[in-house]
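Taking the form predicted on its own, here's one chain by itself in structure tokens.
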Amino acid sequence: MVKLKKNGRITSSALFSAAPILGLILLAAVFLLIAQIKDVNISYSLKNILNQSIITMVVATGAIYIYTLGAFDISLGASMCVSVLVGAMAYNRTGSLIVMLAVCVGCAVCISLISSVLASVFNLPVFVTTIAMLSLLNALVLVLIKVNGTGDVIQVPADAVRDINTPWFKLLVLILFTALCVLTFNYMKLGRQEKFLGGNPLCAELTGLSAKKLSIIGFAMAGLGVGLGAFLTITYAPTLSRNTAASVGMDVIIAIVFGGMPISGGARSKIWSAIIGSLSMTLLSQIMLMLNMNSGVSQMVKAVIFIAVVYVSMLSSKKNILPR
């Protein structure tokens, strides 16, 4: 519900909270208008939007747990690429989709936990450890493809994943994972503790909260999202290369910010930011594609909007953030 002032005017904080949803509605309206003008097949375009956004939604939803803590992980794309390749290798050895899913999730969670444990053991900022992991994982991708690939790719037979390469299956995965995250983040103490730690680490430590424990749990949840995203990536594009999931890391950051979540984390963090932001970003890309904008112009538009959203977010929350 939108809170009103005594004089009946809507507060600035309420407007900022509603801005991501209003922006998504505006983008959807513009998309439909342009599609009608250019006589675009709307049902086909919506299917493409779903395929493009749903993987980002899953990964970004898990990443909310990291960003809530005020941390920053730039290795998500590389982690997902490694998980994709290892999962594909597991399928080629066993012929089992269940094994492929388990390996994708297990690999991604292990990588996330390594990043978190390294930061905890050596008392390093998470950002530093994820930079190191990014370099290590990129090198590991090249090794995996060289040892197990055919040429520059690793392939899973298209027939093997055809039955699950459907919008309904992908939506089911997204709904189940989002439900788990909403439950733990909004209705359990884990979410409250992570928001408290992200909002003011010093106060959280003085109240007895374990920053290391919460960081490990947060990274584990992010790893679960990356693993599920890796599995969905294989079902969508079973021919895998070193460029697979290359843009996921940046897409997740942009999606979370587009969704209205402050980059500082804390109490204003929301699970729904990942869903709203991913859809908004994909709709924006589809609109620019229909307008025949080249990739360079599209990236410039996204960059300008990204900076503007971050700036407005900082202005809105600047006076409300306690000293960190």
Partner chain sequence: MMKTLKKLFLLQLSVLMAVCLTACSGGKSGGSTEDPSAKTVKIGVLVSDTTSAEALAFRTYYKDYIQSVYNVEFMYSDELKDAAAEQSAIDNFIANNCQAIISFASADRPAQIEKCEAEGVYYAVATGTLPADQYEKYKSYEHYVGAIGPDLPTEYQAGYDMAKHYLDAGYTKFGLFTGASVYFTEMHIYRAAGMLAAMCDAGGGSYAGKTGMDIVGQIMADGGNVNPGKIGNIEINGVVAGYDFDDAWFGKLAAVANDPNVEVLMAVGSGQTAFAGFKPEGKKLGDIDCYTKESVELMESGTLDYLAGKFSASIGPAFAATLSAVYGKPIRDKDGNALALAQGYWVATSAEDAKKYYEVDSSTTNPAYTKDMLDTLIGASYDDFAKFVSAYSFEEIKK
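All values reported here derive from a predicted model rather than from experimental measurement. Numbering follows the first chain given and starts at 1.
There is another form of the same protein, the form predicted together with the partner chain; it is not shown, and what comes next is about it.
Heavy atoms within 4.5 Å of the partner chain in the model of the complex are found in exactly one of 241-249, 221-229, 107-115, 92-100, that being 241-249.
Though the partner chain is absent from this view, in the model of the complex it lies within 4.5 Å of a heavy atom of just one residue from Ile276, Leu69, Ile271, Ile54, which is Ile276.
At the 4.5 Å threshold, heavy atoms of Pro157 stay clear of the partner chain in the model of the complex, well away from it.
Remark: Tyr236 counts among the residues lining the partner chain in the model of the complex, judged by a heavy atom distance of 4.5 Å or less. Taking the partner from elsewhere, Asp163 is found to have every heavy atom lying beyond 4.5 Å of the partner chain in the model of the complex. Although the partner is absent here, Ala139 sits far enough away that none of its heavy atoms falls within 4.5 Å of the partner chain in the model of the complex. Along 167-190, a non-hydrogen atom within 4.5 Å of the partner chain in the model of the complex is carried by Pro167, Trp168, Leu171, Ile175, in order along the sequence.
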